[in-house]
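A lone chain, given as C-alpha cells: the form predicted alone.
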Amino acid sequence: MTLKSVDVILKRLAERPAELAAARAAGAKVVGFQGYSLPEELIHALGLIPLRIGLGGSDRLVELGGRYISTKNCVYVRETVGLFADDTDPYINNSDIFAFDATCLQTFRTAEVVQYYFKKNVLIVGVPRNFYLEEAETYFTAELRHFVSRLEEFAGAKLSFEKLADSIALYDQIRDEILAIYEYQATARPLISWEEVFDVIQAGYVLDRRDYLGLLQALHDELAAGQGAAVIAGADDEARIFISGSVIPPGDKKLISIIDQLGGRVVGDDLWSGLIPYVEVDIKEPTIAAVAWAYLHRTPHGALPYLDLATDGRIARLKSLIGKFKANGVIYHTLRYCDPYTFKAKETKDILENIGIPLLELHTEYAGSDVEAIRTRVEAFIEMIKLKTETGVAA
C-alpha cells in the first residue's frame, strides 16, 4: 500500500503544470534545464523557477526527435528533442529559457538543436574535461559567473549573498531528507520501495523547492513513525540489486518493472537521475566560486574522462554505495549510443568481480522489441544471485 505522504507528492505533481501556468501569468519566470553539473541553487537564488526537463520510455518521441538530431545519439537525447518537436510537454511549454551543461557532449548537441530548430532561448554551461586539475576550477568558476550574468539579465535582478545562502541552505536540507528517506528502502521489510523513492526524487525535478522540502519532511516523519530508525542490518535472502550506468529518466520503467516482476529487489543506484546528485555536495560558502568547487568535487559523471581507476571517484562511490546498501549484484544499464557508460562497462565489471560482486550489462533503448531478451537475462542473473546467497558459492 502506498504511503499517504507519497500519495500527496504524486497529487502535487499532477497539479504542478497548472500551478506553473498560473505563476507565469502572474509574472514568474521559469528556467527549464538539463545536465549533471548545472547548479540549480544559482537559478533558485535569482528568484527564478527551476525545472529539470526530459523524459524517457517513448519510442514515438525518440523517432520524432531523430528527425532533427542524428540517430547515433542516445535515445534519451533523441526523446528530449522529440519533446520539443511534439510541443505538448507541460514543463517545456511552461519554460521561458533553457539551460544545458556540457558534461555529456550529447546534451550540448541537444542545446544546439533546440536553439536552431525550435528557436528557444538557450544558455550553455561549459564543463572541464580534466575536472580534477586546478585549472578546471578556474574555468568552471568563470563559466558559472557568465551563466549567472546571463540569468541576471533574464531575471532583471542581481544575485545576492543573502539569497544564495538561503538557496544553498534549502538545497542542503533537501539533500539531507532524500538521503535519509533513501536509507529506508534498503532496510528489511521496508514501508517504501526503491521505485517509490526514485519517483519521489524525480517529482522534485519540477515541484516548488520549498514545498518539496515540506513534502520530504512529511514522508520522513511517516517512515520514522511506522518503521523506526532506518537500519540496514544486513543482506536478506532476496536478490538485492544495485542499478548503475546510463540515465533512467521519468517515464522509463521497462527495466525496473522487469526486475520487480522476476523477484529481484532494487536497493540502490548511482544514477545521475537518482541518488548520486544528492551525495556529498559541500558548498562551503555562498559564492559562485564555492558552488563551482562543490560541483567539481562531487562524484564525477561517467561522461567525464578519467584514466586512473585506482583513484576514480565514480568507482569509489559505486563500491561504497554497494557496500552501504548490502547489494549482492549490479545491473549496469546502458542506453544505445550512450558511449561513455558503454565504454566503462567492462572496467566496472572487472573491478566489481574482484570484490565478489557480479555485474550484468544490459544494452537497451526505449522500443519494446528487446523486453523478452532483457527478461531472460535478468531472470538468469537473479537466480544466480539467489543461489549464491543461499549456498555462498557462485553459480
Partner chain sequence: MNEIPRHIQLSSVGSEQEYFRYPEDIREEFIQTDDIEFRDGSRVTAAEVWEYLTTVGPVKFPNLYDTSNLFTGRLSRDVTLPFTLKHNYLLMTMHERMTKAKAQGHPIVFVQGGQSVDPYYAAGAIALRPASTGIWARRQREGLTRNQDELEGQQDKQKAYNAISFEVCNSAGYEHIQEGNVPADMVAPYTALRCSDVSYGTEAHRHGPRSDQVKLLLVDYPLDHQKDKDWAIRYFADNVRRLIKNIDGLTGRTTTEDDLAREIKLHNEGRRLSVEIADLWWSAIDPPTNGKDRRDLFQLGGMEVHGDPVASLSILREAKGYIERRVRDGHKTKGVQDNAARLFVCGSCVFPNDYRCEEAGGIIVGNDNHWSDITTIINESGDPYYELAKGVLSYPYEQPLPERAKWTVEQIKKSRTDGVLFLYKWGCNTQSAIARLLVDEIKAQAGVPTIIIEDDMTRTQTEQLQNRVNAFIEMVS
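Everything quoted here is computed from the prediction, not taken from an experiment. Positions refer to the first chain, counted from 1.
The same protein also has a form predicted in complex with its partner chain, omitted here; what follows describes it.
Have a look at Lys72, Lys253, Arg210, Lys319 for me and say which one sits with a heavy atom within 4.5 Å of its partner chain in the model of the complex. So the residue touching its partner chain in the model of the complex, by this definition, is Lys72.
What is the one choice in Glu135, Glu153, Glu162, Asp87 with a heavy atom within 4.5 Å of its partner chain in the model of the complex? Flagged contact: Glu135.
Tell me the stretch among 264-272, 182-190, 139-147, 215-223 that has any heavy atom within 4.5 angstroms of its partner chain in the model of the complex. It is 139-147 that comes within 4.5 Å of the partner.
Do Ala169 and its partner chain come within 4.5 Å of each other in the model of the complex, heavy atoms counted? So Ala169 does not count as contacting its partner chain.
So in the model of the complex, does Gln173 come within 4.5 Å of its partner chain, heavy atom to heavy atom? Gln173 lies outside the contact set for its partner chain.
So, Lys120 and its partner chain: in the model of the complex, are they within 4.5 Å at any heavy atom pair? Close contact is absent here: in the model of the complex, Lys120 is far from its partner chain, nothing within 4.5 Å, heavy atoms only.
Contact of Gly302 with its partner chain in the model of the complex (heavy atom, 4.5 Å): Within the cut-off, so yes.
Taking Arg240, His333 and Thr376 together, does each of them reach its partner chain in the model of the complex with some heavy atom inside 4.5 Å? Not a single residue of the candidate spot has a heavy atom within 4.5 Å of its partner chain in the model of the complex.
Given a 4.5 Å distance limit between heavy atoms, list every residue of 101-140 close to its partner chain in the model of the complex, or none if there are none. Heavy-atom contacts to its partner chain in the model of the complex: Ala102, Leu105, Gln106, Phe108, Arg109, Glu112, Val113, Tyr116, Tyr117, Ile124, Gly126, Pro128, Arg129, Asn130, Leu133, Glu135, Ala136, Tyr139.
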